[in-house]
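Next up: just one chain, as structure tokens, the form predicted on its own.
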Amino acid sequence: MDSHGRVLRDLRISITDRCNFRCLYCLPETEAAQNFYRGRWAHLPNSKPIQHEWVPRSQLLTFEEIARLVRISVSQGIRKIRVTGGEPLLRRDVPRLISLLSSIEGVEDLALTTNGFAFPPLAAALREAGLRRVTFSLDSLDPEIFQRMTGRDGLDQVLQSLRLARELGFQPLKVNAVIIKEINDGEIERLAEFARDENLSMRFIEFMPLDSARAWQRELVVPGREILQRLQSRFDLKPVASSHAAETARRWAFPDGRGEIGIIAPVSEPFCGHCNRLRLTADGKLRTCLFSVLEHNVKEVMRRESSDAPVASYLRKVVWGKEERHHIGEPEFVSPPRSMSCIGG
């Protein structure tokens, strides 16, 4: 529990900061991304871009260290684990990590977020290792816009991964789409239709200030309220009751029961008051908020302490100091020193 009375149940674990995509909202390093931002502004914003130096492999937490921290976290009340990146499937032998985590008593939900590009050759092994849920990133169904947003011609591979995940029994299937004005906001209705046709859960996510170029501007955000209004004018959506208070998405279902829509609006409608998440970076730093400017070196504590008790005590201390809220859009807001790829989704 933190000092604001929130009970943390969700631990998100980044296992690598590397990625094979260069998305506009995370690592906008492609010429197309730079042209888009320059098209919006006469020059890129004055904020200094984040200079990427990938974490050396020698500094990454080992799978055994990750499993130890999960076991200790579960002893303190964590119940949900999500493995993220960067792109987590770029790290070698991810099924072995999934096997370690799925065998920990008390882990009630184990999921993975991926861009899907490297999923097919690993899918069966991940399922066999104990993974039950997968979330894919899919920002566009138009090959040209997909490449513009991700820096990669990979739409067909992602769609193939979705089909394979369904065949292997991963449920529920979720898809994340970050909506950016003048890029993919014209596809909102089409993405919703895709969710119904494929009977999956589509999550529309507001564009957040976590890109390495520091080029985020609020004018590029399509507010969740606007997304919902557009969808309700096209579809007869029925609200879905939240399964738990800390759920970040507001959810709606189609009348025929096929597919679901979720809207995650951290910029226009913050949900900090019931946030129950803790994040672990690939190099062993704990973050108590996606937008934290502080990181806590739990790797150092784990490598110093052979007993679990001091590590558990350290976790409780870090969680107690969790921020009350983020300050996006306010004069005092300071962007995190690392981009989304390094923080973990």
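Because the structure is predicted, anything quoted here is derived from the model rather than measured. So that there is no doubt, residue numbering starts at 1 and follows the sequence shown.
Below, we turn to the form predicted together with S-adenosylmethionine (SAM), even though it does not appear here.
For the chain shown alone, I205 is a contact residue for S-adenosylmethionine (SAM) in the predicted bound form, at least one non-hydrogen atom being within 4.5 angstroms. Using a 4.5 Å cutoff between non-hydrogen atoms, M340 counts as a contact of S-adenosylmethionine (SAM) in the predicted bound form.
In the predicted bound form, S-adenosylmethionine (SAM) sits within 4.5 Å of a heavy atom of E87. With a 4.5 Å cutoff on heavy atoms, N115 counts as touching S-adenosylmethionine (SAM) in the predicted bound form. Checked against S-adenosylmethionine (SAM) in the predicted bound form, the residues I227, L191, A123, V178 give one hit for a heavy atom within 4.5 Å, which is V178. Site annotation in the predicted bound form: the residue of C26, A33, L315, L69 reaching within 4.5 Å of S-adenosylmethionine (SAM) with a heavy atom is C26. Residue heavy atoms within 4.5 Å of S-adenosylmethionine (SAM) in the predicted bound form occur in exactly one stretch of 77-85, 162-170, 230-238, 96-104, and that stretch is 77-85. Counting a residue when any of its non-hydrogen atoms is within 4.5 Å of S-adenosylmethionine (SAM) in the predicted bound form, there are no hits in 299-325.
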